[in-house]
Each structure stands twice: as structure tokens, then as C-alpha cells.
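A single chain, nothing else alongside it, follows as C-alpha cells in the form predicted on its own.
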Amino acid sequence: MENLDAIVVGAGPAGSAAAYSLAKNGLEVMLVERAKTPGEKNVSGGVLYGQVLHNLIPNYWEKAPLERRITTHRLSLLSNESAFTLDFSSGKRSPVPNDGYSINRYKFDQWFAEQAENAGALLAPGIRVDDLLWKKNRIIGVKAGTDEVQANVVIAADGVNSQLAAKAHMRKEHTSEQMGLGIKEVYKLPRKIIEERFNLIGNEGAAYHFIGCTKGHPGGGFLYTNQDTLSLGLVIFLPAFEVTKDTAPDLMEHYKSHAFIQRLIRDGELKEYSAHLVPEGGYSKITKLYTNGFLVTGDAAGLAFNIGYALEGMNFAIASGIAAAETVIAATKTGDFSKRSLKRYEQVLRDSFVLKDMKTFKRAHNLFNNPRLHSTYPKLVNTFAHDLFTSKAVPRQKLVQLLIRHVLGNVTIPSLIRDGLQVVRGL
């Protein structure tokens, strides 16, 4: 095969965004996907916030296979027997590009890859890239089995456990502190029941995030409403499995056994179960982003973050794919594909919301590794709320007195001060 302008490995949001951008600008690009169909191996809750995608594909919501527009956000702190929930619901429609939509990644990734193919990219599914091709100290293509394909630039979009980034000497072996295990189950329910249960009208949707549902281990839970299914899941930081005998299914069953969760998924028919590693290292663990003839995007670069009330993965992936494409387009005009030329990619990301957000919340990772956040504080909030809303036919305490009694009964003053500082620094 003749030399291509670019090879993109991985047809997730980052890879398809890069391939689409390159093809729309007239470059010859191959989009390689290991699965037989794009989206087949992906696991996501998931909610897509679409301003970035709108910049790439205007009015994408008119064409893409979206599920529901998220109008309700809920953050719940769970104790063993109760739930304390912060609820925000808006009847005001935000500007359409800023809307969040629940999506099915299997459907969405197929559609996105098709857009890249329609723009002129060569989509090559069912192909596992085994190695990189080198010429001296520059990457010049990929090897799949006995086949070799050369290109000016290779873009790695092959996920959190990127083998290409490792082969390009762009990252060290991952440690458990950098990773989380995402577990997802999909439950089928009639559309009418979903809308009644979650107080939705028409195509409105709800997004839940849960703290206190992981047996005290760092992590959290989520639930997103789709057209006629619910996406229910957990993300557990990997170090948890080094100190517990619980398995991932054990933790999922514990999560589902909570009365609050049971009511939400009641009568649902389990249709899917999946698990996948997710990057949790934060700003300090971002991999090296570029070298001679090579760029790393999305989860492969560790471009994701979790601050409890907001999860960013797909947005970051799409933005990094577009930034990688812009870098390759500029390099093609000069014919320079060295790391001196490709360093533009990192600068584009630094000027965008991607690395700015990750830097702003770089200390959030330490906050969410605090075990008290996942056990002590959810219990404290729920017992306080129980006493607040219970009449015992005895004189009531003032609100501040009641709060102080609960706080001092659950956490020491030094721990409270340290945790408060963590919140201020992290969020």
C-alpha cells in the first residue's frame, strides 16, 4: 500500500474524531479498529456533552443515535439503609450544543466511524495492530500480522491500556493507582415506566451519581436513563482489590442490594454486563503525548477526570482527536513530522479546556482516594438527615447543635480539618 498521510488506531470517539477531521481536510487516512464493529468492545455509561462534537459535525444531534437529553442531575450519598440526594432539574433548555445526551456507545461509535468513512477515511475493522514500524528514531507505520502499512503519522486512540503508547516508549507500565475498573449493567424497561419512575416528559433524561455505594472503597456509582433501558454502573479504584476479598461482581451485587437502587431498577430485565479499565491517574499521570511520527489521544493518553459531580471522558477524547488532526494537517503542509513539529499537539490541548480542566482539578484524585468520603461522610449526612426529619416528641436541638453532635460523633476535629482542606484544594 502506498504511504498514507495518517493511520488512526482505535475507532472510539478520539479515533473517529481524528479520522473525520483528517479526511474532511483531504488527507488520506486509515481508521483501524480491532473489533469487528466499532463500539463492540466499548463500555460507557454514558453521557455525551456535545459542544465539541457540534464544532466538528454541526447539528450532530439531528443525525446521531442519541438516547435522551439530560435535564435532571442527582447526586446521592448512600448509607446502609438510606439515601440523601441533591436534585437539580431544569425546564429551561440550554443552548442545544451544550445539552448532554445519554448514549449507547455501540450505536454511537458505529455512527461516528461511519461519518469518518463517509468523509473519505478508509475504515478497517477486525484488524489488530501488533506493532509499530520504525525508521531510525521515527515511527513510520504499523504492523498487523504480516501486513505493514506506512504513514507520515500514527495516532494512537487504542484505549486506556494502549499497547502502541507502550511500544512507542511513551509510558511506563500502569500502576493500580492510575486505574479504575468500570462495571456496567444495562436493564430493559418500557419507555413509559422509565418516564413515570424518573418524572420525565418525552425525550427528557436523568443522570444519577452515587457516593457511599462501594463498601467504603474509593469509587462511585452512576445510573443514566436511555430510551427503553437503564445504564447502571460502578467505578472502583483498582487499589481496592488489593485490600479486599470482594470481587467486582460482589461489589456490584452489594450496590444493587441497596433499597434506593432496587427501586430505581425494579422489574428491569438485565440485558448486558461489561467491565473495562478506565484512567484515574489525573493530571500528574498523563502520558507523553507526542514523539517523532506519533501522537496519543483520549484514554490512551490518560485524558479523563472524575470530580464526583462531573465525569469527563468522551468530550476529552473527541477534543484530543480533533487537536491531533489539526497538528497532522499543519505538519503535512510543511512536510515535517518530527516531534519538534508535533509538539503543537500538546500546546493545542494546553490552550483548550482539556488540560486546563485537568490541571485545575489535579488534586481531586487525592480527595476521592480518601476512604472517609466513601463511608464516614455518607453515613454522617444520612443520620443527620434522619434526625432532622424525625419527630421524637422530645425538645428539638437547634440545627447547628444537631449538626455538631453528628459531626463530632463520626469524625475527629483534625480529620475534619484535613478533609475540609482536601475539598477546598481539590474542588
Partner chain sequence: MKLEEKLGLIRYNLDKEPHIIVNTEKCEKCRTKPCIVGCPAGCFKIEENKFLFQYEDCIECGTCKIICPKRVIEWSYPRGTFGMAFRYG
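Predicted, not measured: the structure shown is a model, and the values here were computed from it. Residue numbers count along the first chain shown, from 1.
The discussion below concerns the form predicted together with the partner chain, not included here.
Using a 4.5 angstroms heavy atom cutoff to the partner chain in the model of the complex, all of Asn42, Leu181 and Lys256 count as contacting. Within 4.5 Å of any heavy atom of the partner chain in the model of the complex lies no heavy atom of Leu311. For His276, a non-hydrogen atom is located within 4.5 Å of the partner chain in the model of the complex, even though that partner is not displayed. For the chain shown alone, Phe84 is not a contact residue for the partner chain in the model of the complex, no non-hydrogen atom being within 4.5 angstroms. Remark: His174 counts among the residues lining the partner chain in the model of the complex, judged by a heavy atom distance of 4.5 Å or less. Note on contacts: among Val96, Ala330, Ile193, Leu270, the single residue with a heavy atom within 4.5 Å of the partner chain in the model of the complex is Leu270. Residue Arg128 is the only one of Arg128, His169, Lys135, Arg266 with a heavy atom lying within 4.5 Å of the partner chain in the model of the complex.
In short, of 245 to 253, 315 to 323, 299 to 307, 116 to 124 it is 245 to 253 that has heavy atoms within 4.5 Å of the partner chain in the model of the complex. Heavy atoms closer than or equal to 4.5 Å to the partner chain in the model of the complex belong, across 101 to 126, to the residues Asn104, Arg105, Tyr106, Gly126, ordered by sequence position.
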